[in-house]
Structure formats: structure tokens, C-alpha cells
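Only one chain is given next, in C-alpha cells, and it is the form predicted alone.
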């Protein structure tokens, strides 16, 4: 019987499993999908720029503090995962340009600048000449005034989700974690106020009980359905994000490009792959792509990057992000069970917040002091009632 059972095999679940295993716990992970079909695999992998000092801003909002905490841990995790598995997860502090292509977006950048100042995030306002010098691929868009304003954020980071997930999974398996892919949780078994087992079934409807001392639900957009089996109402709505993939000459685009509201972006990889995303769509559990969304994203690239116009995209995909009403993840104990925890609702920041979430959950499950107060992210916090809506 394992010490801990994690329900959810995406970046949050695997990160928690890996951290618990490193602390000497025996762990099982139950995943409804294979890794390639998970929402985490479909992510873009952008980590917004954070302050480079080592002091978490105690006056920041809960999500800002969790983001800073997680951001500091990512460099440590990247190094240790490479040492453990030999897999380079693509963590690069490549920098970004925040670009406005409309006057409305330019006004939004002014508000973003005030936030960067408050958070001590390094940033620089760019003149048209500066934009062309820092990112030559945008020279034509600057000349035709398609780029109205831009800021340079040197500390923005990217990671390659499929590689990071492969490294996490490899590290988990090396540390003895047992992973059940393509299994659904059918029900929970209780003894008084403790969960003693979950019954899972595979695609052939074969039932398998998994007993453990502790349980953690980290099932992303599917967490709400699971929690209903525990008589807990937690709004966790899936929000579809579509991504388009091009192949360009390596180095053609040097930096991440973020547009306007922050929902649209272009991410250049070292090998010339160029990701263009992303949509925010309320379509339930439909993870298919649509011609209209892909066409819009293609136009975004075609308008700004002439070198992309001569070729067709090589792939596209979509993932379902778990949103919450107040934009905060839910991290901490499950109130209806003495031995159960919850980590969900990370919306568009699951990858970035995965390390901090893993440490907070593992600290709590191991009875250690946590870096942050978990009641900030509890199921009974103010603002969690109502419909789950996305926030920036």
C-alpha cells in the first residue's frame, strides 16, 4: 500500500508525486489520460517575468506570492531533473517583448507597466528603433506602424512542456512512483472521516482498488466532477486554449512576443519551432481545434512576420485549463476528509505554479511548515462562489 495516492497525471500531479517521492514517501499516480493527451502537454510554457531577488513580496497578492515562490524553484528543479534524467526541459530565460498593435492594447500596457513597477520586475520601454534592434523580425511591422508600443522584459522565461513532463515522469518512475495511465476514478471508500481507497477503472471497465494513507486530487478541469463524489462543490470550469505550430529558421524570432491583453503570444524554440496562441473559449470539455481560431492565429503571425507567410503550419492542438471564479488555484486540505488534499484551478499558470504547489502540498502532507498560508487558497475562501471565469 502506498503512502500517498495522487489523482491527476498532469504537471501538478506529477510535480507533487516527484516531490513526495524525494522525501521518502511511496506514491501512486492515477491519470485519466496518457501524458500526450493531457492539458499540460498542450501548454505553451511561458513563465512571465518575475523579480530576480530572493525575497517573496509579503505585501503582494496571494497569486503573486505563489508565482514568485514557484519561479525561484524552477531553476533548481530544472537542474535536478537534468541530473536525475538527462532530459533538458527547455528552461530558457530568453526575455520577451510586450507588444501593442492597437491603441487599446497600448493603454493596457500602461497598466501592465504599473504592475511591473510594483512587483520590481525589470522592464524597459522601447522606441521604434529599439524594437527593431532588439527583435529584427519585427522591423517591417514597426515600419508600417503595426506595432504601436512595446516593452522589453529580459527575465521572461520559457519551458518546453512535453520535455518537462517527460523529465517529471522519468524522475517519478526512477523514484519508485507507480503510474496508472488511462484510468478513471469511479468512487471513494471511506472509514469514518478518512478515505481508505479509491476504485479506479480502465478502458475495459476493469476495477482496481488503490488503498493509501493519504490522497491528493490534482485533476485539473476534471476536479469538480471528482469532488462531487466527496459532496464538495468547487467551481472548476474548463477553458479551451488552441495553439498553432510553425517551423521557421532557428533564431528568426529571438524573444517571446506577448500581445495586448496577454492572451495572444508567439514563442520561439531554439530549434526553429514557433508556437502561436492562444484562445480562451468556454466550450465545456471539447478539446478539438477550430478553423476560425487557427486562421486568426495564423493571421497574427502573417501580419508581423513576413518569413512565416510562405509556409503552412505543421501542427495544431488544444488543451483545457481549469479556471476558478476568483482566478486563484485551490491548494490545501479537503474539508470532508482528514487525509485528503486538493491542488487544482491553476488556469493558465499550471506550469509556472507547479513547483510551488508541489512544495506546499508536500509540506502539508508531510506535516511540515509551509512557505505560505494555505488558507489563502482553501475551498472556503471568500470569492470562490459563483461561476468560474477566466482572469488575466
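Positions refer to the first chain, counted from 1. Please read all numbers here as calculations on a predicted model, not as lab measurements.
The following text describes the form predicted in complex with a small molecule, which does not appear among the structures shown.
Shown here without its partner, the chain carries 40, 349 and 352, all of which come within 4.5 Å of the small molecule in the model of the complex through at least one heavy atom. Distance criterion of 4.5 Å from any heavy atom to the small molecule in the model of the complex singles out 31 from the list 31, 50, 70, 324. Of the residues given (91, 265, 116, 151), 265 alone sits with a heavy atom within 4.5 Å of the small molecule in the model of the complex.
Looking at residue 46, you'd find a heavy atom of it within 4.5 angstroms of the small molecule in the model of the complex. At a distance threshold of 4.5 angstroms between non-hydrogen atoms, residue 7 is in contact with the small molecule in the model of the complex.
Interface membership of residue 237, defined by any non-hydrogen atom within 4.5 Å of the small molecule in the model of the complex, is ruled out. When contacts are judged by a 4.5 Å heavy atom cut-off, residue 185 counts as touching the small molecule in the model of the complex. With the small molecule omitted here, the record of contacts in the model of the complex names 220-228 of 127-135, 203-211, 220-228, 189-197, defined by a heavy atom within 4.5 Å.
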